[in-house]
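Next comes just one chain, in structure tokens: the form predicted on its own.
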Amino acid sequence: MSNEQKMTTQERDAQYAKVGKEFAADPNVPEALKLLTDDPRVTVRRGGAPVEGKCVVYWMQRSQRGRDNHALDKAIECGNALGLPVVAYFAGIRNFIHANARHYAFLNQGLPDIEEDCEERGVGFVMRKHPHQKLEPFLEDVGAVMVIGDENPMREPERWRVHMAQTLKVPYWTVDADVIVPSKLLEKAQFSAAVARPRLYRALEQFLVPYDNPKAEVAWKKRRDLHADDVRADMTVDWEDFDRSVPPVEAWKGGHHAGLKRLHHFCDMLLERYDHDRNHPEVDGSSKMSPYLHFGHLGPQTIALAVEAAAKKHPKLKAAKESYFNELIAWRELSVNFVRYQPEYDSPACADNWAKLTIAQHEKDEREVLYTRKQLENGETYDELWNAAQMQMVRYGWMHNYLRMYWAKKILEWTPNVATAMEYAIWLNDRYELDGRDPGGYAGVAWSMLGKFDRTWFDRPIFGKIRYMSGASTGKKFDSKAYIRQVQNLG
């Protein structure tokens, strides 16, 4: 592991801040570009003046959309400042960690939307799938003068960005496009939502503003001989050794346009009752934005602005808006902060000291029943409600948020120790959820099993001082029988 990879997030932030200062002082860099980095969303990872070439490239990874995308906007602004066209590039890799046919089908459905929305802005869009997906050959093929990328706080995607900053031969910036408040402004790990919330909300006046969605002043024209794969075809069709064991879910459709349709339905039809219905898994009362957020088909700013606009139009929606903002902004961006500053976000090592102590004290507590991972995967427990939640995830690719907490806590109760519990929960979540492999999932497991962001509770077997949820009390808070019937009908 290189010294760069061993750095803490704070140390890496400091290093990139130094790179940014050197960039701002470089006399060879056009002043118009320097002004574009005076934006807290931007991190200059590799400085210097643009090289000789033909276009600006936006390396699209997390923010998979052609509109309402700060990273693409920044690439267009760079292109306009240099009098050059812009092309967005997406690499279809086949080995993204824990991803399978379900995830790739949803991702694939969003690619035509990106192409269409980019074209409307005068921007090119090229997708190359494995085995032709490497970024560097594409940059050479199109004559890139510089690269703009998006941010992803997860461990492996950040490692890619660190590597590219070290190896690319052109300037490389990243833009924090999938949070409302730029992540680095919080500066360190936040202890709880109560601590993070006021800091985030104070920044909303500055950052929760409509997108500019600028257009490219010089349109990109694709060469006839430039290799590009069909965005409307199944990118996985000829991949060998690809995990096809989890099938796509027909009830979901990926993409920016489908995400907007669901968002408008939520704001027009469901928002009024959100504060009540969000804890009722038997009704369609939640936004179901999480898969679109995970794949970057919608950004949180687009969602928040739509909800805010609805509340301004109908003042009776104010309480619902505040309740939704608590989930979309306070808890979601706390989750991003968690994985950004906690490198061991998917293991018991991320627990706070009080939780580590109580976990150690109860590590050998006897469990009344132990289930294998296969039994859990198949929903073969004595608990009908838990089985239904598991099957909702397996069959539908999504589990109601209220039940995710209960689901994870029962896994802790049914496995020999917390390390095994986290391993099983993360494997199941990442395998079946459309919004798996995401900061929200890792933060949710840590909250449920390690008491992360929570307070101490009364000491009890297995859980110690970590919050306990019983099936009896959980099932009484909504019509659990109706929910179980609904899930059974999914089969």
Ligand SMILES: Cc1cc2nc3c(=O)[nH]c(=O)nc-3n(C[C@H](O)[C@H](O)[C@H](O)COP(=O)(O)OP(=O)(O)OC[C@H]3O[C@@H](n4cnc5c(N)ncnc54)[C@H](O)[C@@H]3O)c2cc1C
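Computed from a predicted structure; not experimentally measured. Note that residue numbering begins at 1 and tracks the sequence as displayed.
The same protein also has a form predicted in complex with the named molecule, omitted here; what follows describes it.
Interface stretch in the model of the complex with the named molecule - options 369-377, 72-80, 97-105, 319-327, non-hydrogen atom within 4.5 Å: It is 319-327 that comes within 4.5 Å of the partner.
Answer with one of 133, 183, 401, 109: the residue that has a non-hydrogen atom within 4.5 Å of the named molecule in the model of the complex. Flagged contact: 401.
Of the options 290, 342, 358, 381, which one has a non-hydrogen atom that comes within 4.5 Å of the named molecule in the model of the complex? Filtering the options by heavy-atom distance leaves 290.
The named molecule in the model of the complex: within 4.5 Å of a heavy atom of each of 286, 435 and 440? Every residue of the candidate spot has a heavy atom within 4.5 Å of the named molecule in the model of the complex.
Taking the named molecule as it sits in the model of the complex, is residue 445 near enough to touch it, meaning that at least one heavy atom pair lies within 4.5 angstroms? Contact with the named molecule, yes.
Is there a non-hydrogen atom of residue 302 within 4.5 angstroms of a non-hydrogen atom of the named molecule in the model of the complex? No, residue 302 is distant from the partner.
Contact flag, residue 405 vs the named molecule in the model of the complex, heavy atom cut 4.5 Å: Contact with the named molecule, yes.
Partner contact for residue 63 in the model of the complex: the named molecule, 4.5 angstroms, heavy atom: No.
For the stretch 325-340, return the residues whose heavy atoms include at least one within 4.5 Å of the named molecule in the model of the complex, in the order they occur. Residues within 4.5 Å: 327, 328, 331, 332, 335.
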